[in-house]
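Taking the form predicted alone, here's one chain by itself in structure tokens.
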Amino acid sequence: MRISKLFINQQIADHPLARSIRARLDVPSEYVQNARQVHAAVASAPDPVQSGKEILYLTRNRGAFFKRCPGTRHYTCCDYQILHFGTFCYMDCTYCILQTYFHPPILEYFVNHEDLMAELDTVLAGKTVLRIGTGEFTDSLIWELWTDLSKLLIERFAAQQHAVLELKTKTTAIEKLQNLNHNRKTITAWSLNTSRIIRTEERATARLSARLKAAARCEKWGYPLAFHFDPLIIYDGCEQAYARVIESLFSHVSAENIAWISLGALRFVPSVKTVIQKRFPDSKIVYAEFIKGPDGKMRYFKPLRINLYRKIIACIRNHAPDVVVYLCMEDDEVWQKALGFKPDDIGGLPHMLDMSAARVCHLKPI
């Protein structure tokens, strides 16, 4: 993470974490009254998205830290709970929706961890099975160089028996996780793709081999694992390439320790296409056979998605017949044709994932 300037909201100037981050970063800093001043500095740059990846804004979250996954009624949602502690990412994936989700996008980090932990305590006191993740609006581990939030969260989740924390990343920033007492209540997860897509479309991310080696180390340290093939991108030879990724995956880790594997085909709101064409003129991913789905996102034609899902699922099953595989944001028809069942046939997708989390992460029955 290359931070060129730090902005600090005046209201948290004396917060211990703000002072600590400022000292660790040692970059030019400026105190501001509100986010508008930061947004103005980013918006005036020739490439606001790139500028936003190099500017960090420290502030206080005055809203809720917990949010439900922003799914849609048109597709099956996994009922994921999001722990919202910061926004945006320094990595530069061509397809990233965060390029248009925030206006303008900036690296923003909430320093009021005391409020976050208090809200977390209230949520966990409910003693219901929860799957909570931090990788929706940012990468879970990019902040590890100068914060200790993962340590706080992992140790808090380890002290209870009903919920799991998923840390999802495209990095190898796992060193701080090694000696923590996680009690198998934290799942370390990686987004995976083919080497070609990582090289051309996932810039400034860790190589595939590095991600898998990091996963193997976390398994050695006792962490449950998860993997997300999202987005799957169709190109000539992609089926064989994804098969090689799966072969490599199971040569690094054991199937018994995997909580779930998700599959999701490339999809994007129309505004992202314009950003990709401008920022990544060499990228070809937006020039495939797409159709606008009920949620307004551009998607591959359904037969193309189903065909790719079937082949990847068959490859996974050859290595791990019992591992839980699910589709991200697809309808019942795609589920039936790709997996052979609909989520409602087994009590719904949330139930399916809850049961897997209970088995792999040793959750206490309710």
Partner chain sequence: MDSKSSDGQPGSENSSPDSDSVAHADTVALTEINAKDATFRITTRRQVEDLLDTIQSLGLLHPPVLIEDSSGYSIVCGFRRIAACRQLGWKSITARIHKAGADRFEIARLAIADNALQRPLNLVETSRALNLLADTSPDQQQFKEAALSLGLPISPSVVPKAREICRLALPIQDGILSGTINMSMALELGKLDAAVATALVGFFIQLKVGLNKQRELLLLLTEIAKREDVSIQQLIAEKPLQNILQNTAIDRAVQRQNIRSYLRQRRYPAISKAEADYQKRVRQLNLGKQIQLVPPKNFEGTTYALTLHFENRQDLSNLNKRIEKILGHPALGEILKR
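Residue numbers count along the first chain shown, from 1. It should be emphasised that the depicted structure is a prediction, and the values quoted were computed from it without experimental measurement.
Just so you know, the form predicted in complex with its partner chain exists too; it's not on screen, but the next bit is about it.
Legend entry - Candidate spot R203, K213 and F250, all three touching its partner chain in the predicted complex (heavy atom, 4.5 Å): Verified in the predicted complex; spot residues all out of contact, no.
Inset, instruction - Have a look at E256, E289, D121, D148 for me and say which one sits with a heavy atom within 4.5 Å of its partner chain in the predicted complex. - result: In short, E289.
Inset, instruction - Work out which of H39, K337, K67, K311 lies within 4.5 Å of its partner chain in the predicted complex, going by heavy atoms. - result: Comparing distances to its partner chain in the predicted complex, the residue within 4.5 Å is K337.
Inset, instruction - Indicate whether K127 is a 4.5 Å heavy atom neighbour of its partner chain in the predicted complex. - result: The answer is no: K127 has no heavy atom within 4.5 Å of its partner chain.
Inset, instruction - Examine K53 and determine whether its closest non-hydrogen atom to its partner chain in the predicted complex is within 4.5 angstroms. - result: K53: no contact with its partner chain in the predicted complex.
Inset, instruction - Mark H103 yes when one of its heavy atoms lies within 4.5 Å of a heavy atom of its partner chain in the predicted complex, and no otherwise. - result: Residue-level check for H103: no, no contact with its partner chain.
Legend entry - Partner proximity in the predicted complex: K220 to its partner chain, non-hydrogen atom cutoff 4.5 Å: So K220 does not count as contacting its partner chain.
Legend entry - Candidate stretches 204-212, 276-284, 258-266, 81-89 - the one whose heavy atoms come within 4.5 Å of its partner chain in the predicted complex: Result of the contact check: 276-284.
Inset, instruction - Within 4.5 Å of its partner chain in the predicted complex, which residues of 331-355 have a heavy atom? Give them in sequence order, or say none. - result: D331, E333, K337, in sequence order.
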